[in-house]
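Same protein, same chain, two forms; see structure 1 and structure 2 below, as structure tokens.
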Structure 1
């Protein structure tokens, strides 16, 4: 390792005094001007990780649904998954190390993680459309080059596209071609194969309005348009030419405010959807004839996909285990519908995509979505192999056709991470195949009224939880208080958890009416405020 070069380049990317950042579920996020030293050092870390696992590692410069002034960076592991937890700690140590400690911290990481510095290193880089992203990408490249790593800069890509590319590269092309064209071809081919089976004639175009949050999704959808069949007419709004990224638009805005984004004119019963800033989340919505807004979030997306998969998994007559993974934020009626009506097992895990992804890997087919619209479907290697084998060898026509549908679904889904483009095509294909309108999809079950609140407390860490964050362990007496409050209302539940990103405690409550959900949330937040501040 050339420590003189490291010293020289590190001085060009100085760390602001007193700044401490933590690598979280979404990597590092902060105001863009605070991140130059962090992204340079993540370039260094990506090289070390690549040498440690002898594989290509990804680095994405994005802050997703955050305001345009923010930015962030996260690393992608060899199969397109999130960075291994042990390396999250190394990332935090490296980002926070003072200039004079940098060499020592890198040496320690190499020792702890058994990094062979003589091995080659390869890193894929991508970035979103923020004004700060190009310069920060260059700082990543500086970090990679100091440690002698090779890199391929994909430039402007969605976060899921970079995850996809990394997986393709490390599976020697088995997952697909590590190019944008390869991504577009694989998804569009699978999509066209699927909708061939639908009863829609070429005349009845399926119009869809897409709010792209003034982000990267608009650019990439425009590139992909020529690959789509004529039956699908997508109309792109908030394409980034007029307004700021994520400003009054995007999946997060629509979900939190329960209203349509700015810049999109909705007519009654039109199907619309929103991506977030880096296109890894999606939510659907429509307005009814009375002008009421209806949100179709991640819970209903998971339900629609589960209905389709359950039907075709039953037809191939294999003993595949299908399950849905949710968090405590999933609406109670979605859980009831999946378990009681569809008879699909549901598992609840802690908030954060990495927890859902990890749990979903335990099943032959694991569907996971957060309520915010971030999610995907995972097929085990054994299930995928068996399905592809049935397509080739099965003599029974019905079984073979069902296996073909599942095979196309496997190819259409981006199994590395939640992907708004891929999820949108999955949803559009299922709606076409089942002949469902957006209203019929929405009517599968009715969401229980709910309310999400934030409470400022002196120290959010006094709240400790268990049972996938559904019950509070500390402060003493809080859970008993919540239990007593919940008993006052019908079909109710409530839980509290410390935020992973802000110094607040989040309160979630649901009940039979909006009035009761609001009242319960308010009462629980008062209990949190008093009990948390007594400690």
Structure 2
């Protein structure tokens, strides 16, 4: 390793003194001007990771749903998964190393992770539409080059597109072609195969209004449009030409505020959806004739997909194990509906896609969604192989047709990570195939009224949790207080946890009425405020 060159280049990307950041729920996130040294060093780390696993690694510059002034960076592992947790720690150490320690920290990582520096390294880079992203991705390239890695810069792509590219590359094309064209072709072909079999898509059923959060989703959807036949009537709003990224729009805004985004005029009963800033999340919604807003979040998306998969998995008669993975933020009524009505097992894990993804890998078919709309479906290798084999060899028509349906679903779903574009197509296909309107989908169950709040405390790390974040271990007395508050209301539940992406503590509450959910969330936030700051 050329430590002289490293020293020289690192000096061009200096770390602000005293700044310490952590590789959180979704990589590093901060104000863009604080991140130059971090992205340079993540370029270095991506090279080391690539050498360690002898595969292409991805690196995405984005801060997803955060304000436009923020930015962030996350690494993508060989099969398109999130970076392995053991390396998150290395990422934090490297990002926080003072200039003079850099060489030592890199050497330590190489020793601990048995990195063979003589191996080749290959890194795929992508970025979102933030004004700061282009310069930051140049700094990533500096980091990669100083350690002699090869790179391919995909430029503007959605986060899930980059995950897809990495997976394609490392499976030697088995997952698809590692180009944008390959992505569009794979998804549009599977989608068209699926909707061929739908009988009931009237003119009004085909229209979908999409709020793209003024982000990358708008660009990529426009690029994809020519791949669809004209009947697919997609209308793009908040395309980034007029307003700021994520400002009063996007999936996170709609979910948190439980109201429609700005910039999208919604007529009664029209099916609409919102992507987030890097297009890895999606939520649906509509306004009824009385003007009431109805949110269809990740839980209801998981439910719709599960209904569909359960039906077709039963038809192929293979005894595949289907399960749904949620987090504590899942609406209580979604969990009840899935378990009690649909009879699908549900598992609860910690917040963050990596935890959901990991759990979902345990099943033949694992559906995972965060309530905020980030999720996908994973098929085990064995299940996928069997389904493809049935399509080719099964003599029984009904079974073979069902297998074909599942095979197209497998190809339409981005199994590497939640993907707003792919999820949207999955949902549109299911609605068309089942002849469901957005209202019928919404009516599967009624969400319990809920409220998500955040409070700022001196140090959010004083809150430690257990039981998939549903109970607080510290500060002392907090859980007892929450238990007492929860008892005051019907059908109630509340929990708190430190955010992994913002300097806040998140509070979630649900109860029988909106007033009660609001009151409970407010009371719990006061308890957090007093008890956390007393330490």
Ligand SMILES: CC(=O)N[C@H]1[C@@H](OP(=O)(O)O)O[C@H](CO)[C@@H](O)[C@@H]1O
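Here the rigid core means the biggest group of C-alpha atoms that line up within 1.5 Å when the two forms are laid on top of each other. Everything numeric in this text was worked out from a predicted model, so none of it was measured. Numbering follows the first chain given and starts at 1.
Structure 1, not structure 2, is the form predicted alone.
Once the rigid core is used as the reference frame, the Cα position of residue 53 differs between the two structures by less than 2 Å. After superposition on the rigid core, the Cα of residue 526 moves by 2 Å or more between the two structures. Remark: with the core as the superposition reference, the CA shift of residue 67 between the two structures stays below 2 Å. On the core-superposed pair, the CA position of residue 480 changes by 4.2 Å between the two structures.
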